[in-house]
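Take a look at this one chain, the form predicted on its own, written out in structure tokens.
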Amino acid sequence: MDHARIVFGLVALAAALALPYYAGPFWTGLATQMLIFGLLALSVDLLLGHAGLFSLTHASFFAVSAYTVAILQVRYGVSTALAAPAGICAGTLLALVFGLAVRTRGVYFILITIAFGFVVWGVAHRWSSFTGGDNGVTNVPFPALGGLAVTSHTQYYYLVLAAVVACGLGYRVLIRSPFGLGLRGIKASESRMRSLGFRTGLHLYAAFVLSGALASFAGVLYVYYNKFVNPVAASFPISVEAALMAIIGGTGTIIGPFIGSGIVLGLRNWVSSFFELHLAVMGAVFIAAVLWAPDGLVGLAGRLRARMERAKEAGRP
């Protein structure tokens, strides 16, 4: 199984590296968005898939980091070497505050995260003298570090791909560490983990902050690709879409959020080209995923593979 996963990963990486050579600029740009929003969905899944917490405020960290980079570079001429880390730090600091939501559970946690998200969206929308209001902050340059500078969307695609691969490898180490195992134990039975001596509240708080930092990194990648940021980046639908991507692809996995990102963004671009009510189609996809593939496409593929193996075993004499 591990050998098959390694082969699949290498094939997928080779296809991703060759994409700009056999696909046009549109598909390369769409793939870049899928990687960025897949990273955002992965940050949501750290809580949803491993800790059992359904957060709907991750667009806040995503947008705050994007605004920080845009304002520093466009208005104050700060270099990428300082603006990008500042964006990640700003989103992470916000996660340190919003992480207090882990004191609640269930529907109360969901409602508090929704309220936090609307606070950030309201600030971005109403404080127009600082955020630019609906017009946002425009003309964000491509990232540059010393003599190295990105000059095209193709080059930026490779930068995003490298960043996502690095984050995926780091995420794999995290979820397989004692910390990640502790998160899954809390998801299974928080009371039992507490009885074993775990400080579950602190554990979940740390996971929330790490999740916010990952979402902030996605926001930095987003603003350099999009060239501008406005209150839409902090809106409630972005948080919902990120959670939807993780659920459709498969929670508790690394590849699942990226599969979900590809499906959601691919459908949105395809359906919206000929059908005005494309959000209704997205709702139908979500309902179908919950009803017939609650573990996402990765979980569905695993169940089908297990069923085939059982059938093969049953057919043996």
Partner chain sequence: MTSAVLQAINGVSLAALLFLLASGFTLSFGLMRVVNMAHGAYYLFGGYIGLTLAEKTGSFAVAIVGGGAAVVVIGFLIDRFLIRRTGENHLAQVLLTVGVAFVIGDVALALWGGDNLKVQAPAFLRGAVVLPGEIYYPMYRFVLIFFGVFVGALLWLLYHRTQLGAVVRAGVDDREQVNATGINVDRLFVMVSGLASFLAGMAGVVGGAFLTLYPGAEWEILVYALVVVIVGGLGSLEGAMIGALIVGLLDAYGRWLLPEFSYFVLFGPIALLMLFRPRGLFGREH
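The model shown is predicted, which means the values in this text are computed figures rather than measured ones. Residue numbers count along the first chain shown, from 1.
The form predicted in complex with its partner chain is left out here; the points below concern that form.
The candidate site formed by Val107, Ala284 and Trp292 is fully in contact with its partner chain in the model of the complex, as each residue has a non-hydrogen atom within 4.5 angstroms of it. Partner contact region in the model of the complex: 236 to 244, out of 236 to 244, 134 to 142, 215 to 223, 154 to 162, criterion any non-hydrogen atom within 4.5 Å of its partner chain. In the model of the complex, at least one heavy atom of Ser128 sits within 4.5 Å of a heavy atom of its partner chain. Using a 4.5 Å cutoff between non-hydrogen atoms, Phe116 counts as a contact of its partner chain in the model of the complex. With a 4.5 Å cutoff on heavy atoms, Leu72 does not count as touching its partner chain in the model of the complex; it lies far away. Contact annotation: Ala101 falls within 4.5 Å of its partner chain in the model of the complex, judged by heavy atom distances. Checking Ala149, Leu111, Ala166, Leu82 for any heavy atom within 4.5 Å of its partner chain in the model of the complex turns up a single hit: Leu111. Contact annotation: of the candidates Leu48, Val264, Ala59, Leu35, the single residue with a non-hydrogen atom within 4.5 angstroms of its partner chain in the model of the complex is Leu48.
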